[in-house]
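Shown next as structure tokens: one chain only, the form predicted alone.
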């Protein structure tokens, strides 16, 4: 990766979202060592992250995938829906092509693994801020493999079911009938060739579809 000179560059304003406090603090500290990057806000869950991005309007939003309240992908989708200019980098431990495909569909400009070096992350922030796309090279070749068969609603319902939420509680939470929830689950189970909702959720998570 060729380095873009920092001399004379404006400050790049960044919001970071990560539900593990130590990781969040480390990421912020590592980025702020760079003279041209300023962390303007930190968030510990998805809803807090969305509020921070909307309030601070950063150049770049760095987020984990799995977080309470909303996932990083959910936040990226919402920012895309609202036509916000903030560029999104997904920084995760999940080396799964399914996650990468969903991130790109959500409008993310970067998808990187947490084991990368600090200087590589800083350089990725600069490139994304300039309008470039930065993808982990090992995942890039796998991104367009087996397609995700789930609809957004099937994915939402299956994720909750996989976490042990009952069909009735899912129905109440989403404002749908319990029969409709069972239909979504049945479709997801069938598409994934699973025996039940638990196995379907396990398969979907392993492939990065949840």
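Positions refer to the first chain, counted from 1. C-alpha atoms forming the largest set that superposes within 1.5 Å between two forms make up the rigid core. Computed from a predicted structure; not experimentally measured.
Omitted from view is the form predicted in complex with the DNA, to which the following refers.
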{"property": "Proximity of residue 13 to the DNA in the predicted bound form, heavy atoms at 4.5 Å", "result": "no"}
{"property": "Distance check, residue 152 to the DNA in the predicted bound form, heavy atom within 4.5 Å", "result": "yes"}
{"property": "Close approach of residue 69 to the DNA in the predicted bound form, 4.5 Å, heavy atom", "result": "no"}
{"property": "4.5 Å heavy atom contact, residue 176 and the DNA in the predicted bound form", "result": "yes"}
{"property": "Candidate stretches 43-51, 168-176, 57-65, 25-33, one within 4.5 Å of the DNA in the predicted bound form by heavy atom", "result": "168-176"}
{"property": "Stretch 175-190 - residues with a heavy atom within 4.5 Å of the DNA in the predicted bound form", "result": "175, 176, 177, 178, 179, 180, 182, 183, 184, 185, 186, 189"}
{"property": "Rigid core superposed: residue 24 CA moves 2 Å or more between this form and the one not shown", "result": "no"}
{"property": "Core-aligned C-alpha movement of residue 15 between this form and the one not shown reaching 2 Å", "result": "no"}
{"property": "Yes/no, residue 154 Cα shift of 2 Å or more between this form and the one not shown with rigid core fixed", "result": "yes"}
